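What follows is one chain in structure tokens, specifically the form predicted on its own.
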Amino acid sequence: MEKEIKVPLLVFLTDFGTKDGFAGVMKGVALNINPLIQPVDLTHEIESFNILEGALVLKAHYKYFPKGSIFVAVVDPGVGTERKPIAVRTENYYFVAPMNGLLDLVLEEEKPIEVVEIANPKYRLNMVNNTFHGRDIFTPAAAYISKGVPLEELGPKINYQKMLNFPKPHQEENKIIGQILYFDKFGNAITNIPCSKFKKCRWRSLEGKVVENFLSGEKGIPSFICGSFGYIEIFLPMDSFKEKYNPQVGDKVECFLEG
């Protein structure tokens, strides 16, 4: 028997934007299945097809939602191909997404307890084409989970497979060497170097201290900070580092350890 969950939270992350109604119609599908849900937008502004960016944003923010939240994450350039649509249960959350690397980072922290391929047509919409799995597969599965449908009814159990080629930083003597991964809305560059006690960092020939807030740096000069993503960021006080200095994803960044 399906067990009702009080005000279940469905949290959406996509690269759909808001122009074409794709993000909105997923909420409509979910509400048709379970009118008790509370839909929440994490973001629909992930760069188109950028699985790494989606994985990074999801990892940065998921833990701030109530336990029991159900995340519907869709950045899916391989929609309609053989990549599997999956639902994942961890100790604290549910995640519904394509198995294309989008969940790789979050599942390093939230260990999967159960993973299934969403294959049961009972818990999908009747698809007229194979191009909108966010509407026809992922959202219905999440909505049925919110009604208490166990994952095993959605489809067969499978093993989760990592797909994302996430660049890891490495250490050489007293420094950590990483790279720029992503630019936020303010033009700050998020690196893959986890926050730590660094005395200074370097990008190209520019070197600076790791400061405590966005106004501590010298105006017009790139500065470094431990940002909300949990990684070292490069920024310009009250300006866009991306626009003024033209950094690129993959640029090398070095951070020097204290001591």
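All values reported here derive from a predicted model rather than from experimental measurement. Numbers follow the displayed sequence, beginning with 1. If you superpose the two forms and keep the largest set of C-alpha atoms that fall within 1.5 Å, you have the rigid core.
Although not depicted, the form predicted in complex with another copy of the chain is the subject of the following passage.
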* To do: Give a yes or no for E47: in the model of the complex, does one of its heavy atoms lie within 4.5 Å of a heavy atom belonging to another copy of the chain?
  => yes
* Asked: Is there a heavy atom of Q248 no more than 4.5 Å from a heavy atom of another copy of the chain in the model of the complex?
  -> no
* Would you please decide whether H61 lies within 4.5 angstroms of another copy of the chain in the model of the complex, comparing each non-hydrogen atom pair? => yes
* To do: Determine whether any heavy atom of Y144 comes within 4.5 Å of a heavy atom of another copy of the chain in the model of the complex, and answer yes or no.
  => no
* Structure fact -> The one option of Q161, T81, N174, N92 with any heavy atom within 4.5 Å of another copy of the chain in the model of the complex is T81
* To do: Have a look at M99, L107, A119, L125 for me and say which one sits with a heavy atom within 4.5 Å of another copy of the chain in the model of the complex.
  => L125
* Can you pick the stretch from 84-92, 108-116, 178-186, 163-171 whose heavy atoms fall within 4.5 Å of another copy of the chain in the model of the complex? -> 178-186
* Structure fact -> Contacts from 26-60 to another copy of the chain in the model of the complex (any heavy atom within 4.5 Å), listed N to C, are K27, G28, V29, L31, N32, P35, L36, Q38, P39, V40, D41, L42, T43, E45, I46, E47, S48, F49, V57
* Cα displacement of I158 between this form and the one not shown reaching 2 Å, rigid core superposed -> no
* Threshold 2 Å Cα movement between this form and the one not shown for M127, core superposed -> yes
